[in-house]
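Quick setup: one chain, the form predicted alone, written in structure tokens, and binding and motion questions come after.
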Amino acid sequence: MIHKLPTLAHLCKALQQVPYLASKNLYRVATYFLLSDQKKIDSFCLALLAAKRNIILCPICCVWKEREKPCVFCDDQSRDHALICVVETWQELMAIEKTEGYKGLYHVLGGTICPLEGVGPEDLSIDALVKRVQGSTVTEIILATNQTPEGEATAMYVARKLKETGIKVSCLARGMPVGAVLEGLDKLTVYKALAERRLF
């Protein structure tokens, strides 16, 4: 039936390209947009275009930042610049920030090493992290990757790459459930795992 409505078919095909949007929800999302008033749709489209135009990755820590403004983390002198917490994505960064217990800097890898999906070390910001800490005042790196097979493998690779720098490398405490994803944990669990980290 949908092939007889080419405009709707095109919308659903576009929605299929959005990661994490379950196929069973495609029609619900399409319906939401179709039933929304024009002002709401215009506002949504403007917000998306503005974000695409004005949000970029910080060249130092790889966290999202406003194009014309300094990074809210790297430029914050109240934070501990001797401490860097390495996370997979900005979602994990937000999970840690919610605990309000970490006051150091961050480095976002942009994912994990996953050969089955064609993601190698060169596709992540690992080399940028190594260059960042060489000759710097950083004294500790906290590897806060998720405790999944890919996260563990990535943490081990990063730890090996950092070994030559002589900087202390720690990871989150094992109090986190194996297979857990930071984004889905409550803030107390994340805070305790961060506070009770151990050497890698």
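No experiment lies behind these values; they were computed from the predicted model shown. Each residue number is its position in the shown sequence, starting from 1.
Not on display, but discussed next: the form predicted together with another copy of the chain.
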Just to be sure I understand the contacts: of C74, M94, A128, C114, which is the one whose heavy atoms reach within 4.5 angstroms of another copy of the chain in the model of the complex?
M94
Find the only residue in S136, T148, T31, T165 having a heavy atom within 4.5 Å of another copy of the chain in the model of the complex.
T31
Please run the contact check for K40 against another copy of the chain in the model of the complex: heavy atoms, 4.5 angstroms, yes or no?
yes
Does A195 reach another copy of the chain in the model of the complex if we count a contact as any heavy atom within 4.5 Å?
no
Mark V181 yes when one of its heavy atoms lies within 4.5 Å of a heavy atom of another copy of the chain in the model of the complex, and no otherwise.
no
Find out whether any non-hydrogen atom of L185 is located within 4.5 angstroms of another copy of the chain in the model of the complex, and reply yes or no.
no
For the chain shown here without its partner, which stretch in 128 to 136, 60 to 68, 165 to 173, 152 to 160 has non-hydrogen atoms within 4.5 angstroms of another copy of the chain in the model of the complex?
60 to 68
What residues in 35 to 53 sit within 4.5 Å of another copy of the chain in the model of the complex, counting heavy atoms only?
L35, S36, D37, Q38, K40, I41, D42, F44, C45, A47, L48, L49, A50, A51, K52
